[in-house]
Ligand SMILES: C[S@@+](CC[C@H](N)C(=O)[O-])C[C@H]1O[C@@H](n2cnc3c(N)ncnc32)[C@H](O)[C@@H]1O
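Next up: just one chain, as structure tokens, the form predicted alone.
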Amino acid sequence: MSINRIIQFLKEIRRRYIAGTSYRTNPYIQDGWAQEQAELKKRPRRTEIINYLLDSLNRETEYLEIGVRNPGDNFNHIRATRKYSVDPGLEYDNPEIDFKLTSDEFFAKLRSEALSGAPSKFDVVFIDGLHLADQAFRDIVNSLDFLKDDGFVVMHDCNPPSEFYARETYGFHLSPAGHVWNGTTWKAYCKARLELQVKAHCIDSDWGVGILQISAEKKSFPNLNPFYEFHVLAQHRRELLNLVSFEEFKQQLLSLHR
């Protein structure tokens, strides 16, 4: 290798080192890492919340999970009488998935009674599929159609800590959020809270666990974010999400059962 080639090689190594150092010491990057660590420390996790809801029904239960990927993350730990999993297998190909379909295909078949092996109504439906608002909202609407009157629709990733976590594109990893992706699920949750006949709470844990219940109550809160802008969510997070602790939610649920 010539001297000039060696010099160019060393310059490139130096450039990459400086770029990496700049990335690691950037305040946005450091703030993003701090937000992620803070979120990971929050408890309870989604699994515990779902099991609490199932237990609260005090009966044999039917559970549906949309967007399973690795069953060891959540599905295998759910305590329901009967459990059903839906996932097209694009990210994690598992032969034990009950219905290897997209959620749209699954609900279309369920609606047309062309699907054997699934009940007509579920006690709890957990939505953790494609983290984009349009798809998540369709999953909500379809789930409510097949939910028992006192059942629960549960959603993951409803409370992204910053716009980097709420990005549209999963594949962009050069941000403070790294590989963590909440997507625009929060928009679907807020839209459902505004437009559908549901009562909604968002547990401030595990990236925001949204809980929807069928309700005929008249909406009594203003639409603070008509264009679904993240900076408005950041300013009015508690009001827009009805953000509560798990203990606060349990107390409200207990009062309904008295």
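The first residue of the sequence shown is number 1, and the count goes up from there. Here the structure is a predicted model, which is why all the values come from computation and not from measurement.
Keep in mind that the form predicted in complex with the named molecule is missing from the display, and what follows is about it.
Note on the interface: of 183 to 191, 111 to 119, 131 to 139, 159 to 167, the segment with non-hydrogen atoms within 4.5 angstroms of the named molecule in the model of the complex is 131 to 139. Mapping the unseen interface onto this chain, Phe152 falls outside it, with no heavy atom inside 4.5 Å of the named molecule in the model of the complex. The named molecule in the model of the complex is not approached by Leu174, whose heavy atoms all lie more than 4.5 angstroms from it. The closest non-hydrogen atom of Gly178 lies beyond 4.5 Å of the named molecule in the model of the complex.
In the model of the complex, the named molecule sits within 4.5 Å of a heavy atom belonging to Asp87. Here the marked residues Glu195, Ile211 and Asn225 all miss the named molecule in the model of the complex; none has a heavy atom within 4.5 angstroms. Annotation for 89 to 120: interface residues with the named molecule in the model of the complex are Gly89, Leu90, Glu91, Leu101, Thr102, Ser103 [heavy atom within 4.5 Å].
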